[in-house]
Ligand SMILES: Nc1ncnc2c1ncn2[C@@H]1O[C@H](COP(=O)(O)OP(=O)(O)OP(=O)(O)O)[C@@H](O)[C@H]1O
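Coming up is one lone chain in structure tokens, specifically the form predicted alone.
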Amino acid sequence: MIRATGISHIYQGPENVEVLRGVDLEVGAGDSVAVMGPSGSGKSTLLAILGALDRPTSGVVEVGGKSLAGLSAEALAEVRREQIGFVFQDHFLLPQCTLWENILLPSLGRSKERRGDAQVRAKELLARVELEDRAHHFPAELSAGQRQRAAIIRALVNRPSLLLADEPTGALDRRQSERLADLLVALQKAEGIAMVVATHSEDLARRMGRTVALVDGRLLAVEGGV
């Protein structure tokens, strides 16, 4: 589903900082990968590059067999909208919009038929995560765990083939983190999509199919899991 080859990334400044050095990663449909590493190791940068939110200094990313290199900003936006779902540590729900309106935001700009499909899917996902009775509440009226569940639904509403999650349990307490981790894995398996999760949580990493670690800008397999 996604293949990254020779990905390097340098942050320009008074002293250039190379956060990624020749990273290779391949994730097939239905596979899940945890990316671990300390803060500042480049996990978020790697996910941003995989998700077409940023461009690598060198190297190539392919999504669905198509290279992202050289694509225009408009074409990259199309890839993000149609093929990739994002979940972040902060839910980024719009406070002035209801849960229902937030979930359907990724479907804006689509055809009437596809917007209708998104509405049907949103109802199904809301029921699956036990939020159907909160659809017309605002984010401030929801718990932290409920807001993050809503963010996952929003990421899946357009039926992406790749889900990227950056510290999705980082802002939750232990009980909420465990529940969200169970939900994330269950949805990923049910949908049969590829998933890459950047996390500090060994508990979440253990639920993934495999674990890799960013060490000095390079991606290393974690033998025997975590």
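Note that this is a predicted model, so its numbers are computed, not measured. When you see a residue number, it is the position in the sequence shown, counting from 1.
FYI, the form predicted in complex with this ligand isn't displayed, but the following is about it.
- Stretch 37-45 is the contacting one of 37-45, 156-164, 176-184, 60-68, since its residues have non-hydrogen atoms within 4.5 Å of this ligand in the predicted complex.
- At least one heavy atom of Val17 is located within 4.5 Å of this ligand in the predicted complex.
- Using a 4.5 Å cutoff between non-hydrogen atoms, Arg55 does not count as a contact of this ligand in the predicted complex.
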